[in-house]
Every structure is written in C-alpha cells, then in structure tokens.
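Heads up, the chain below is alone and in the form predicted on its own; it's given as structure tokens.
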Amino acid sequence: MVENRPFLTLLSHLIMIAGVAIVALPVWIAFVISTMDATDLLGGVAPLWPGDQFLENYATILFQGEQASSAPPVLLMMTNSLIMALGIAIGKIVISIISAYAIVYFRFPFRMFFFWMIFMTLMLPVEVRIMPTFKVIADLNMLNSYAGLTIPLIASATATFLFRQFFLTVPEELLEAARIDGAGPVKFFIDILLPLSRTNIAALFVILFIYGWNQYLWPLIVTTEDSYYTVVMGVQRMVAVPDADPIWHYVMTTALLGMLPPALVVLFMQKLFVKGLVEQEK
C-alpha cells in the first residue's frame, strides 16, 4: 500500500507544475509575439501579455502569406503538410500491416529472409539514400507532386516489426475457429485481425502523422514550386529572409498554426495512443 506522505505529494506536484511551466512558457511567448505589431518588437524585449493584432496577423498569414520572404499563404502550406502527413501515416500503416500479416500467417519460401531484409532498411533512412531516391523520383516525373512527397517515405520497417510482434501474440485458436467457420485469409484479416489491431494502429498513426508533418529535408529537395511548400518549409523560409530581418510576429504566427494539427491529433487520440503503447509493451 502506498503511504500517504503530504511532503512528497506536494513536492511531486511542484515538480509537475515546474515542468508544465518550462514547456508552456515558450509557447505563451510565441503566442504573445504573434499578436503584436512589428513596431512593438523593435525594442528587442518580448512582452508578456497579448497585443491587439491577433485577428489581423492570423488573417494575413493564413490567406495572404508573408510578402518579405514571398512565402505562400499558411493555409495552403498547412493543406500540403496535411496531405503529406496523412499519406505517409496511412500508407505506412497499410503496407506494414499487410506485410506483417503475410510474414506471420503465410508460409512461403524465404519468408524470414524477406522479413530481415525489410528490417535491415532501418539502417538506410531517407537521409542516407537521398540521392538515388531523388533520381528515381525525377526520372518518374514526380517532382512537385503529392506522390513525390509521400511515396518515397511510406515504407516502414518499424511498423512492420511492431505489427508482426502483435500478430504473434494472437492465439492460434482464433485462426482455427475462423477456418472452421469457413473464413478465408481476407475475411480473417478484416473481421478479426484489424479490430484487434485498432489500438496499435491508432498509436502508430499518431507517431507517423507527426513524423510526416515535421518532414523538412525531403520536401525541400523535391519541391521547387511554392504551391507545394509545407508549413515547416514556410517557417524556415520566413526566418531565413535574405538581406532583411525576420518579421517575427508572422514567424511566430506560422509556427503556432503549424503546431495545431499534430497537437489536435495527439489530444483526440490520446486514450487510444496510450492504450496502444501499453498493449504493445505486453
């Protein structure tokens, strides 16, 4: 039984409050700066309370973009980031769960050899194979396209390994019962394995969505048109303004807007995400 120690309880709460303050303070300062005018920041000191330019700044950056760096509207960049993140997350999950299902439930020559070949690709992230991958995408005329942004990143050895480990824990009795009921491989996969994998899929979706949303290097290489810029590229472009100082209230506005979709995904899928991680540990 855990003893009731008021001092330790108070200390643990103080540590949690300090941790929240450390994380939340930079976000609050960014929000405050995003509500200011450029003249309010000339002194070099960031205020602690919001200004009166909230609606103007957010409307400008969402629908018009930032003129000094020629950045496109943030709404367009967020749409591109959303398409890329969803494509990567869904593509990785679909390919990985089908691959894991084939490896666990089908017997074919060199089955484990192919599995370890997939697993070895962990040593070859996109940064290592950037040049040959770019060459293939360029030869296929997929530059400046959503397919070029997503397809090279949808293969995932980690997700395949996690689904395989989960499928190995599924009792054999379920497979035997499905065979007795006349269920084929596709029906067994759709009606039994997919519902059992719901929490694992949710946990992986959160991780892979954030992975896809935060991509910077690959979109920077395969896109040359502003209409395919992602929000991460937009923030970097606003900061690296040639021959001028960054317009920080627009930079902070873009950064905060770029934080919203991943935060909302984590918030709404928190229970499934935690449950999926706990079950995966088992």
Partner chain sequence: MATIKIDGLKKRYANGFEAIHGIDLDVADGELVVIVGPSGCGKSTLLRMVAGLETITEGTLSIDGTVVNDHEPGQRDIAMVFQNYALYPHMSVFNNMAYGLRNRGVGREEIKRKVADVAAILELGDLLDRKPAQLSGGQRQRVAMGRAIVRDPKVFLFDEPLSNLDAKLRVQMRIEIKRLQRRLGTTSLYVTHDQVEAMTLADRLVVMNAGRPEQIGTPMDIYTNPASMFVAGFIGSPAMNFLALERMEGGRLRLPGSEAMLAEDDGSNGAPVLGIRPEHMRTVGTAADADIVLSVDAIEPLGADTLVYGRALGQEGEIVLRLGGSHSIGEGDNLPVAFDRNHLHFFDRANGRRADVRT
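A quick note: this is a predicted structure, and the numbers were derived from the prediction, not measured. Numbering follows the first chain given and starts at 1.
Beyond the structure shown, there is the form predicted in complex with the partner chain, which is absent from this document and is the topic of what follows.
field: Heavy atom within 4.5 Å of the partner chain in the model of the complex - residue from 192, 155, 75, 118
entry: Of the listed residues, the single hit is 192.
- prompt: Ok, 111, 187, 129, 135: which has a heavy atom sitting within 4.5 Å of the partner chain in the model of the complex?
  reply: Filtering the options by heavy-atom distance leaves 187.
query: Any of the heavy atoms of residue 123 lying within 4.5 Å of the partner chain in the model of the complex?
result: Residue 123 lies outside the contact set for the partner chain.
query: Might residue 183 be said to contact the partner chain in the model of the complex, defining contact as any heavy atom within 4.5 Å?
result: The answer is yes: residue 183 has a heavy atom within 4.5 Å of the partner chain.
message: Against the partner chain in the model of the complex, would residue 196 count as a contact residue? Criterion: heavy atoms within 4.5 Å.
response: Answer yes; at least one heavy atom of residue 196 falls within 4.5 Å of the partner chain in the model of the complex.
- prompt: Is residue 140 close enough to the partner chain in the model of the complex to count, meaning some heavy atom within 4.5 Å?
  reply: Taking the distances in the model of the complex, the answer for residue 140 is no, it never comes within 4.5 Å of the partner chain.
task: Choose one stretch from 208-216, 94-102, 141-149, 166-174: the one whose residues place a heavy atom within 4.5 angstroms of the partner chain in the model of the complex.
output: Comparing against the partner chain in the model of the complex, the contact stretch is 166-174.
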